[in-house]
Structure formats: structure tokens, C-alpha cells
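The chain below stands alone and is given in C-alpha cells; this is the form predicted alone.
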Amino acid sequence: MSAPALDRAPGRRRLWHIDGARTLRSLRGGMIIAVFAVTFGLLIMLFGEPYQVRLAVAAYVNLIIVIGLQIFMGNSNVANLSHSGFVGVGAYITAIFAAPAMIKQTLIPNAPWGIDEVQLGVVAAFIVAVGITGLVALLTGLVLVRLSGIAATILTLAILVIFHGIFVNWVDLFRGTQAFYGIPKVAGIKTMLVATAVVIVIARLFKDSRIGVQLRASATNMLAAEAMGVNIRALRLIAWVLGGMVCGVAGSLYAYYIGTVNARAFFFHAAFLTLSMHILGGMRSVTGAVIGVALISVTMELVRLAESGPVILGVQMPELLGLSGLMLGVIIVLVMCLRPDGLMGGLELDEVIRRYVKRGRN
């Protein structure tokens, strides 16, 4: 085979090729999903009570995390349990660089490399946090992409445990089990809405890009994809790093909203909460991430009311502590048994609208 023929192989020159029409269609679809997701936040911001706004902010942080999870897991079909660890990396790096030096000299006086004396601006700390999260994702991804199936899933669980162990035991830098406070509270619901819209568009563009299509094809049949010249490791590494950086964005915004971070917020409970949202909506759909987060957020709030023992028709109901954890498990089991592809399957909102429009014309 001649050299020019090799250059035309799908897995080589065309990996980064951009199809203008398809990209425009994907961008339009991503914007439709973003408008759909942001509209609810705007309504809550305008007409909701303060506690409802706080719940909405938490939901949008979870949505950004789930979108980061969808970028890798939804396209590669490799289960990922480490995403909340990357959220923690983004949050802690933001705290370390954005907190005032005076406060850090009290919190982490023995921090290495003189970090306790370093203070960056809000935007600079955000960029550094996302960049370092991406670097950590790159280093872990170089190992992960060599595995597949259950071995890769176990490795992601190990990565989460390693992250938590570092947060808890590296006291000089992360304060261990104590909270890291003093972070500027500069993020609100408006910031969350803008960030959500941006990451939704990015996720949809990635899904419909040549890389995303090849990655999903390799998840269906690895041998056939490799025979066609697809570099599966490179595709998975790109998706892993991009998904990790999106999770780092969520962690940084979380830190800027709460003003304090603690290692407990980035461990198993957070991982399984967002994973259940991802599974419920549909792992292969960006729209599914929005629907899954919305349904689980509302359900969990109702469950928390039930846990506290509400009064119903004048009857004091007993406290049901631990009910929220039980409900997450039940949701995952039911969805995997009754609808393994989730509520949306692989469909997107614009695709559903297009189908109904065509049916109406016919």
C-alpha cells in the first residue's frame, strides 16, 4: 500500500478532521439542551426561595459532574467510579491557591514548596485547578487505557480510594479530616448556569465528533475498531482527560460557592449519587444527564423530608435514617433491570424534537 493511502486511513489523518455541517448540527443540539437545562435555574433564581436556590446550585454542580462522567463513561462504556476524586482535586487545588495567604499560614503552616505564602486571583486559581486536574487525569489515564472491562472499573475505584487517602493523610497540604476554609465565595447560581451551558455544549460536540463516534464504535466492538485502524487507547485517554477536567471545573465552582472543602464530600456517597443520576438518565445521552440529575435531586429532597419524620394528616411519622442511601441503591437496581439504557437511551433532546416534527408532517 502506498504512503498516501496510509495517510487516508480513518484512524490517522481524519482523527481530528472537522465536518462543518455535522459540527454545526451538534452545536445547535448542544445549545438546545443547554437552554433546556438553564431555564429551570433561571426560574428558580427569579421566583424561588433562598433554600431552593441553594438546592438548585447543588443540583447544577452535580450536573457538571455527571456531564464529566458522561464524556468518558457514556462514550467508552467503561464504568468510572473515580470521578468524585477529580472533583476533590479541583476543589482542593482551588482552596490551596485562592485562599488568602494569611489564613493558609494558620491552616497549613507546614505546606510544602511554600504554598502557604502563595495567593492567586479567583480566575487564575480556577485555571490552575482545572489544569492540575487535567494533568492528574492524564497520569492516571495512561495506566487506565491499558485495561478494559472489570479490570478498568476496579482501577477507577482504586483511584478514588487513593485520592481520598491523600486528602485525609497529607495533613500538611490538605488538612486531613479537618475542613479547609477561607476560600472566596464568588460563585453563585449565575456562575453555575453559565458553566453548565458551556460544559453541555462541549460534551455534545465531543459526542458527535469523530473521536466520540469512533470511541462509541470501539465500545461496541473493540476488535472491529482496531481492525479499522482506530487507536482505542488514544481515544479513551482523550475522553478520560476531558471528563476529568470537567469534574475539576465542578470541584472548583463548588469550592467557590461553599467557601470550605472537606474530604468526606468527595468519597463514596458523592460517587454513587452522581453515578445513579448518570445511569437513570441514560449513559450515552447528554440530555439524559440533565434528566437524571433533575429526577434524583427532587427525589432525594423528598426522601430527606421523609427521613426527618414528617407529620402527615396529623400523624407523626417515625424517623427513617439512611433512607436516602437505600433509595439510591434501589434506583440503580431498578433502572439496570427495567431499562438498562436509561430513560433517554442514546437520544438527545433535539433528536426527539426532530422525530416528533417529522411525525407531525407525515
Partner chain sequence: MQYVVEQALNALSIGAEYSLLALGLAIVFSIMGLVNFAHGEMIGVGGYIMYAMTLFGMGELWMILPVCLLTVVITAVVLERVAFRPVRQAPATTGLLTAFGVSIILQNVFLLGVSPRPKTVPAVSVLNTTVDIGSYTFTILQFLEAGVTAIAIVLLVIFMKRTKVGLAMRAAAYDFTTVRLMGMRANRVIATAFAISGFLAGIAAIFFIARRGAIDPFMGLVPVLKAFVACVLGGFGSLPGAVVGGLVLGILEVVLIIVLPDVMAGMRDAAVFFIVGAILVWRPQGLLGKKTELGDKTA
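Predicted model only: the values in this text are computed from it and were never measured. Numbering follows the first chain given and starts at 1.
One more form of this protein should be noted, the form predicted in complex with its partner chain, which is absent from this view; the next part is about it.
Novice: Is residue 20 near its partner chain? Define near as a heavy atom within 4.5 Å, in the predicted complex.
Specialist: Contact check for residue 20: no, nothing within 4.5 Å of its partner chain in the predicted complex.
Novice: Does any heavy atom of residue 139 come within 4.5 Å of a heavy atom of its partner chain in the predicted complex?
Specialist: Although its partner chain is absent here, residue 139 would stay clear of it in the predicted complex, with no heavy atoms inside 4.5 Å.
Novice: Even though the partner isn't displayed, in the predicted complex is residue 253 close enough to its partner chain, meaning a heavy atom within 4.5 Å?
Specialist: Outside the cut-off, so no.
Novice: Is residue 112 close enough to touch its partner chain in the predicted complex, meaning at least one heavy atom pair within 4.5 Å?
Specialist: Although its partner chain is absent here, residue 112 would stay clear of it in the predicted complex, with no heavy atoms inside 4.5 Å.
Novice: Which one, 77-85, 196-204, 104-112, 284-292, holds residues whose non-hydrogen atoms are within 4.5 Å of its partner chain in the predicted complex?
Specialist: Answer to the contact question: 77-85.
Novice: Assess the spot marked by 157, 330 and 333: is its partner chain within 4.5 Å of a heavy atom from every one of these residues in the predicted complex?
Specialist: Yes: each residue has a heavy atom within 4.5 Å of the partner.
Novice: So which of 237, 189, 173, 166 gets a non-hydrogen atom within 4.5 Å of its partner chain in the predicted complex?
Specialist: Selected residue: 166.
Novice: Looking at 179, 147, 118, 217 here, can you tell me which has any non-hydrogen atom within 4.5 angstroms of its partner chain in the predicted complex?
Specialist: Checked against the cut-off, the match is 147.
Novice: Within 4.5 Å of its partner chain in the predicted complex, which residues of 121-144 have a heavy atom? Give them in sequence order, or say none.
Specialist: The stretch 121-144, when checked against its partner chain in the predicted complex, contributes only 143 at the 4.5 Å heavy-atom cut-off.
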